[in-house]
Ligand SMILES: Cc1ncc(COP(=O)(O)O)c(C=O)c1O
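Okay, here we've got a single chain as structure tokens, the form predicted alone, with questions on binding and movement later.
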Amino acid sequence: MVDIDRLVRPHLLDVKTYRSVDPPEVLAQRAGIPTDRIVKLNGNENPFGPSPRAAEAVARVPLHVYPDPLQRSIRESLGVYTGMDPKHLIAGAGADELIDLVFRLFISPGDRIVDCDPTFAMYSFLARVSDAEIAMVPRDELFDVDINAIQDSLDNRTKLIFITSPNNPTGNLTGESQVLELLKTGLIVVVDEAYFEFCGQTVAGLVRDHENLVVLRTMSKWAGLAGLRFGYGIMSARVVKHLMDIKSPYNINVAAEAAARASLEDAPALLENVSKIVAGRDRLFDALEGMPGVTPWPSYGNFILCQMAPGTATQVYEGLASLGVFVRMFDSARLVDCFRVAVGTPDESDAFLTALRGLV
């Protein structure tokens, strides 16, 4: 017998993995109810689904032809939507692939990144996979980034600083002035704007004058394309070139590209759904704010972080799951008494609130 573990890179033998969410059929089986009766609010997915034009475009796409490795057409479409020159744009199989590519481009074993806990766990996960050291700088009591603490954490091995705005899972924003302070470090600053459409605040315009800024976005949330995996980055033309050089040649499959292009053409209708989600978020927040034992955190995303009475969050989470209502919990010590709930349809949000009222 060959000892495969002997050949594996040592730091990957027992790597801490990313905690992902299970698919609907698994959740339904766990709850013992039909799939069409579960209320899935644990993935920040768009409850209204994709544009009908996206589905039509996928049905027409020639599946036997390789996609364009240089992404010419979709970068043009993204340029129209973002107002950026296509030379500043690159597409990925979800923003996750672009995060991975940033690590491949800039990080060698032993390099350091700055992560700001609590936040999206993918940055630290990919740092572990890359054998990088993580400087975990806690956010302050309001979950805002601590610029001074970040600056104090830097050393000559630090290369990347990750900022999510709106932050997942806390929902708060990082302002342009704060990002500008971080850009002065000369390090690569990655600003993840996955929830941009729900807040309208962006630092993308800064890439024209700051080669060390990388802005990431996704079409999983606002455009409802989570299952097709399509994200994009806005950054200097030089960084785009380097990422294009190292990415898999055909990284965007033809179905995802066709759906993304159709969605961008149908952006006005999709943004109407975004407005419905924002209104649903405000309605959900007001309902949670009046519920004893629950403290909702203000959010600029399509989700709300709920802080529960000490020691009750896990019990409530499990109680909701037993009723077929699924929310998201996290490994961060800062969030031990919290869970995150996505904004669903009005009926889904009502089902969540009814179940929650019976448990608190």
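Note that this is a predicted model, so its numbers are computed, not measured. Position 1 is the first residue in the sequence shown; the rest follow in order.
What comes next is about the form predicted in complex with the named molecule, which is not displayed.
Remark: all three candidate residues (Phe120, Thr164 and Asn168) come within 4.5 Å of the named molecule in the model of the complex, counting heavy atoms only. Proximity to the named molecule in the model of the complex, taken as heavy atoms within 4.5 Å, picks out 219-227 from the listed stretches 174-182, 219-227, 276-284, 137-145. Taking non-hydrogen atoms only, Glu257 never approaches the named molecule to within 4.5 angstroms in the model of the complex. Contact between Asp115 and the named molecule in the model of the complex is not found at the 4.5 Å heavy atom cutoff.
By the criterion of a heavy atom within 4.5 Å, Tyr195 is counted among the residues contacting the named molecule in the model of the complex. Contact between Ala95 and the named molecule in the model of the complex is found at the 4.5 Å heavy atom cutoff.
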